[in-house]
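One chain comes next, on its own, written out as structure tokens in the form predicted alone.
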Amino acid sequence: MDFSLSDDQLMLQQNARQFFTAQRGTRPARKAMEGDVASTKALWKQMAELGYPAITIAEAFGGAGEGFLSLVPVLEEAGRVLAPGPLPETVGFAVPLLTRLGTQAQKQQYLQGIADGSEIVTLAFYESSCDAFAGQATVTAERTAAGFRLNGQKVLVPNADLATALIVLARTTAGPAGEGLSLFIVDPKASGVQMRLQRPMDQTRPLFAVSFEQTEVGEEALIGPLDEGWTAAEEALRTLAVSLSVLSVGAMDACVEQSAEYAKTRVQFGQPIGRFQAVKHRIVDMKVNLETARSLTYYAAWALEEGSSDRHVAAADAKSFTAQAFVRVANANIQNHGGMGFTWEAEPHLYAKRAKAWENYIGSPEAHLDYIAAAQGW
């Protein structure tokens, strides 16, 4: 079994590294921290021109028609520089969801729009009063003569100010968790939609509370069958989990590189700190975490592309381990840099914040392990 990257995919990775390096590394992420939405939009447009968001979109809608593994090198390089914007939500959730369940009109508008850079999609799933990633929702979508009427509030919506479309999980029929839920794609500028900036841990990814007050959407906004939104979402959430894992692997790779370079150049007691056993061992542990995460993530990506029967378990396994490994590696990177690692101008704190912000995103590591145990019948 070989789930490593092909020569073409490695070439794509080299191309992506050159592109993100030309953006001056984490500079776009720092601009996003300053609230520079125009800069993130410009970066997204450039990525679209290079065909990155279109990699897994069918050729009929302007994409390259490649498998998920071909997206891995781009995501990994984006992760290395903490590229801003809802890239995982767009390519890791919206694209597979719409490819599988979207109507022809939805595919024509959104898949083609994602491919050419005119559509940017994010998720409106979280709520303050329930666990959306356990199949719960209090936002309602009531049937009307023309379609549906949404009411309620979502929180922790990434890049809602940048997105041109929100995928909203809403309750359409009373029922227990996982039942009676539907997915809708909603224009954030629609009547009754209001946004409020929240205070995120990772300032490179702004989060918003999004309220729906008598927001009217047409029948065409419904994605997939009515009342079966959670089943539809679960499949796409596995792809999102692997996308987040790939981005995290790229970020961990950058942390290891930063620590190794700093250990060679920072001198204490007349010698580089990399000669000290405590520092060397810590960097080795970082590298072990990185390569283990990469192996699990690459396998999960391969399993998704091949439609393997264990793809859901592989995705949960990758997300659970990688989320925790990213935190360990990012924290160790700060420790290796000493007091310098905490300073605003230095890079390590950016990666530590991203790691903590993503540790429990779309489910905690423990929740993913519980899923694995249940799926395996343990």
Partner chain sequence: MDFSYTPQEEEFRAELRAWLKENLPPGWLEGNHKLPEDPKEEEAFLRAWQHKLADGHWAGVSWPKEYGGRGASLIEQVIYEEEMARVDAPPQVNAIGIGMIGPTIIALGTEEQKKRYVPKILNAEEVWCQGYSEPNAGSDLAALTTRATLEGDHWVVNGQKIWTSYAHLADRCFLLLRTKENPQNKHDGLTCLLVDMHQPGVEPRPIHQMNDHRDFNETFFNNAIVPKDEVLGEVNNGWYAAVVLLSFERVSVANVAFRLQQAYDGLLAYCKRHERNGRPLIQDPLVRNRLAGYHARVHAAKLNFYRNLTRQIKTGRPGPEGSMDKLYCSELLKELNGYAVSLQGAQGELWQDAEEEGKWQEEYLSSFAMTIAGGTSEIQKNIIAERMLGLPKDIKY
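Residue numbers count along the first chain shown, from 1. Remember, predicted model here, so these are calculated numbers, not experimental data.
Separately, the form predicted together with its partner chain exists; it is not shown, and the next lines address it.
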Review point. Glu49 near its partner chain in the predicted bound form, any heavy atom under 4.5 Å?
Key: no
Exercise for review: May I ask you to check whether Glu66 falls inside a 4.5 Å heavy atom distance of its partner chain in the predicted bound form?
Suggested key: no
Check your understanding: Would Lys264 count as a contact of its partner chain in the predicted bound form, using a 4.5 angstroms cut-off between non-hydrogen atoms?
Key -> yes
Check your understanding: Is Lys353 one of the residues lying within 4.5 Å of its partner chain in the predicted bound form, judged by heavy atom distances?
Key -> yes
Practice item. Using heavy atoms and a 4.5 Å cut-off, decide whether Gln268, Asp317 and Asp370 all contact its partner chain in the predicted bound form. Key: yes
Revision key, fill the gap. Checking Trp230, Phe125, Phe148, Tyr298 against its partner chain in the predicted bound form, the residue with a non-hydrogen atom inside 4.5 angstroms turns out to be Tyr298
Revision key, fill the gap. The listed residue (Ala177, Met195, Ala190, Ala260) that reaches within 4.5 Å of its partner chain in the predicted bound form by any heavy atom is Ala260
Check your understanding: Heavy atoms within 4.5 Å of its partner chain in the predicted bound form: which of the stretches 230-238, 283-291, 213-221, 95-103 has them?
Key -> 283-291
Point to revise | Residues within stretch 346-376 having a non-hydrogen atom within 4.5 Å of its partner chain in the predicted bound form | key: His349, Lys353, Lys356, Ala357, Glu359, Asn360, Tyr361, Glu366, Leu369, Asp370, Ile372, Ala373, Ala374, Gln376
